[in-house]
Structure formats: C-alpha cells, structure tokens
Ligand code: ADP
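Next up is one chain by itself, shown in structure tokens, the form predicted alone.
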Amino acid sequence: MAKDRERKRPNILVTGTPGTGKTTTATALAEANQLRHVGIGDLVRDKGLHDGWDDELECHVINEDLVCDELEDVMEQGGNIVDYHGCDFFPERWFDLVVVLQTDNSVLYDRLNKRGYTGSKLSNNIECEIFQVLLEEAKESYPQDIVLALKSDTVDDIDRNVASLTEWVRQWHPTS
C-alpha cells in the first residue's frame, strides 16, 4: 500500500506496452469512479516536460524528474488513475495498485500497425510484450501484492477489467 495515509481516494497506475488499452481502461475507470485520469504522454507534451524529440522512436524524451515534480501535489491528494507505458520512475508511495495490461502479440501487432508504428518502434514494442518487460519492471519497482496483470485483448476484456477494478476502488480503504 502507498504510505501516504492522508489520502481519501486511491491512486492507481495503469501501465503496459503501447497498444494494450491503457488509455481506454484508465479513462473508463476514472469515469466510473469519479477519479482523475492523468495521461503522462499528454502531460509531457502539453507542459513541455521533456528533453526533446527522439526521431528514431518518434516520441518525446520524457524528463522523469519534471514529471514527478509536476504530479507530486496531485498524487498526495489521491483519486488518480495514471496511465503510462513505464512505471519504474514513479515513487512507490504514490500507488495503491499497479495494473499491467497485457495483450496477445498478434492483437498488439495489429493495433500498433493501425497507429502507424513501423520499423524499430513496432518491433521494440512487440518485443517488450513478448518478454513481459513492463510486468517485470512493475514487479521490481513495487510491492508484489499491489501489482496486478490483466489480459486486454478485446473490448469485453476491457469491460471486465474496468468492472473488477471499480469493485477494488469501492473496497479500498486507506491504511491506518
């Protein structure tokens, strides 16, 4: 459990390889529970929390310190669903649950292909999913009892995930 006992609402990190349904899941979960959805990619872009552009991977080079500084007060308040494809730089104390979405490689390939991913950007992300890089990162960065891997291949999977996570939110109580 996160160590910040002042919070009245939980903080949840939704992570996984790009294309696993993080934003869809996080948005639906936030709406179902009146929580704040924080998309790290949007935050980085909108607030300039990066160190430039990576031409090969076609994305901003995130400045992790700036992101953490930007989020500190909001995370202390609680009631946040954070979505990002990495998780190892966030303070452990911020999160009560870390959800790692996983998608079948063929489904993921199709999703990323539709997004226009090609070359090393496509292959790197597929390899990350094959080798469960983000699940391992989450297990190394957070207590194992708060890390939850969920299948996210279909709309039905996402609906089931949101329903089970909503039940978790309803049952959550701050530690005393």
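Note that this is a predicted model, so its numbers are computed, not measured. One rule holds for the numbers: they count along the sequence shown, beginning at 1.
The same protein has a further form, the form predicted together with adenosine-5'-diphosphate, not shown here; the description that follows concerns it.
- Query: Quick one: adenosine-5'-diphosphate borrowed from its pose in the model of the complex and superimposed here by the pocket C-alphas, is it open or blocked (3 or more atoms within 2.4 Å of backbone/C-beta)?
  - Reply: This form leaves the site open.
- Partner contact for P10 in the model of the complex: adenosine-5'-diphosphate, 4.5 angstroms, heavy atom: Although adenosine-5'-diphosphate is absent here, P10 would stay clear of it in the model of the complex, with no heavy atoms inside 4.5 Å.
- R111 near adenosine-5'-diphosphate in the model of the complex, any heavy atom under 4.5 Å? Yes.
- Task: Could you confirm whether K47 comes within 4.5 Å of adenosine-5'-diphosphate in the model of the complex, counting heavy atoms only?
- Result: Heavy-atom contact with adenosine-5'-diphosphate at 4.5 Å: absent for K47.
- Item | in the model of the complex, T166 touching adenosine-5'-diphosphate (heavy atom, 4.5 Å) | Although adenosine-5'-diphosphate is absent here, T166 would stay clear of it in the model of the complex, with no heavy atoms inside 4.5 Å.
- Query: Heavy atoms within 4.5 Å of adenosine-5'-diphosphate in the model of the complex: which stretch among 23-31, 64-72, 124-132, 48-56?
  - Reply: Contact criterion met by 23-31 only.
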